[in-house]
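Before any questions on how it binds or moves, here is one chain, the form predicted on its own, in C-alpha cells.
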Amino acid sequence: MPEKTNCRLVMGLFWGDEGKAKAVDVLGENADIVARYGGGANAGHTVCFEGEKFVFHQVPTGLLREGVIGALGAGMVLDLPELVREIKELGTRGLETTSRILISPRAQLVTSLHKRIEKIREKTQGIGTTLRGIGPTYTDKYSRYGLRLGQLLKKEGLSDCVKRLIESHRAFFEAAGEPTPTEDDILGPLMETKPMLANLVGDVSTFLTEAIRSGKNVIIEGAQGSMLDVDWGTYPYVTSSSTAFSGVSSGLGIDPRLVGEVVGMVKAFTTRVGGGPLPTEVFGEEAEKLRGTGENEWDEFGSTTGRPRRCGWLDGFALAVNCRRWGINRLFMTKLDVLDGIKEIRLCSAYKIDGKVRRDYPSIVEELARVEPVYEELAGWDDGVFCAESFDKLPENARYYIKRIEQVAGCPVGWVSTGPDRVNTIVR
C-alpha cells in the first residue's frame, strides 16, 4: 500500500456548481500540480481574485497561481479550438500558461460534428446539456469511432478514422434533414491548433505518478458533480463521464491509492441546471433569494451557459449518501453567506416515498420524482456570515447549521466560504 501522500481530490457532491474552482484555488496555495480527469469545455469553473473574475473551462483552475503545472488527463474530451482560445485569453490577462500545461495524447477530441449532433438531439430530448458536444464525443469514444489527440498529431490513419466517424453518423444527419459534415469540416479547425498544442502533449500517467511518489503537492480537480456521474447520478439527466472518485484512476492513469485525501464540495443550499428531479427545489421568493438576480458574479447563473439554476434547500440525504460512497474525508462548504437574512432555513435529512422512510437512494428518476423530503426547520440569522474571518465570529445559528450538517453527513466541514474572493474562506 502506498504511504499517505500529498495528493488531494476535490470533487462535487451534487449536480455541479458547488464551488470547486474556489476550493482548488484556496487549497492550491502550495500546489505543484493541478490535474483534470474528466469532462471538457462543459465545465465552468469561476474564481474571483482581487476583484477580477476568471472562468476556466478546460485549463485547470490551479494555473491561476504562478508556477503550478496543469495536467489534462486521458479521460477528458477536448475542444482544441476552444482550448487554444482559452489559453490565449488568459495570456492577454497576464496569465501565461503555455509552458505549464501537459496534455495526454489519449484524450478524445470534440469535433464540429459532435456539436452539431448534440444541438439536433437537444431539440427533442431536452436533457439540458451545454451544447458543447460532450455526450456525442463520449458516445463515439465507447463506440470506438472517436478521434484521439495523439492520432491528430501523428496523422497515421487519421483520414481513415475521420471517414469512419462521418459514415457512422451519415444516416443521423440525413434523417434530421441536415448536411453531413465533411472531412475538411472536422479536421480544418483541429489542424489549426497543432502549432500551439503539439509541444504540450506527454505522458500524464507517468508524470503524475512520479510527482506524487516524490512528495509533490498535487490537486485533482473534478468537473461537474457526483450526482451527474453516468453510473451513480440521476440517469438519464447526467453527463457522459465518471465525475466521481471512480473516474480518477481511469481518467489520469494513476493508482487510486495515491489519493491521500478526498474533499467533498457542498453548497449551503442545493442547485442544479437543466432537467431531472430536484427533491428539495423551491420556487418564487424563496428561490429568488437563493439564486440572486444575476447582478453579482456569484449569483446562481451558469458560467458556461448563463442559464438560471434551479434552487432548493440543502439535500442532506444525498450529501450523506455521497460522503459514504466516495470516502469523503472533509467537506468544503460554499455560499453560506447567501443565507444571511433568511429567518428560517430548512435542511432535508431523509427521504420518504409513499410514506415510508428510504434507506437507499432511488436508482430511477421516476422514483426520485416522487420523493417527499423530510425537513428539519432551523432558525436563521440576520447577517454576519458575509466576509466573517473565523468560525467563532459566525452567527450562533450559522455555527449550529454547520454542525448539524456535519451530523447528517457523517463528515466534518473543514472549510467555510463566506464570500466570493479567495480570502473569504474560514479554515477550521
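The structure displayed is predicted, hence computed values, not measured ones. Note that residue numbering follows the sequence shown and begins at 1.
This next part talks about the form predicted together with ligand GDP, which is not shown.
Checking 290-298, 252-260, 152-160, 178-186 against ligand GDP in the predicted complex, the stretch whose residues place heavy atoms within 4.5 Å of it is 290-298. In the predicted complex, ligand GDP lies within 4.5 Å of some heavy atom of Ala21. Using a 4.5 angstroms limit between non-hydrogen atoms, Cys48 touches ligand GDP in the predicted complex. Contact check for Arg116: no non-hydrogen atom falls within 4.5 Å of ligand GDP in the predicted complex.
Taking the partner from the other structure, ligand GDP in the predicted complex has no heavy atom within 4.5 Å of any heavy atom of Asp140.
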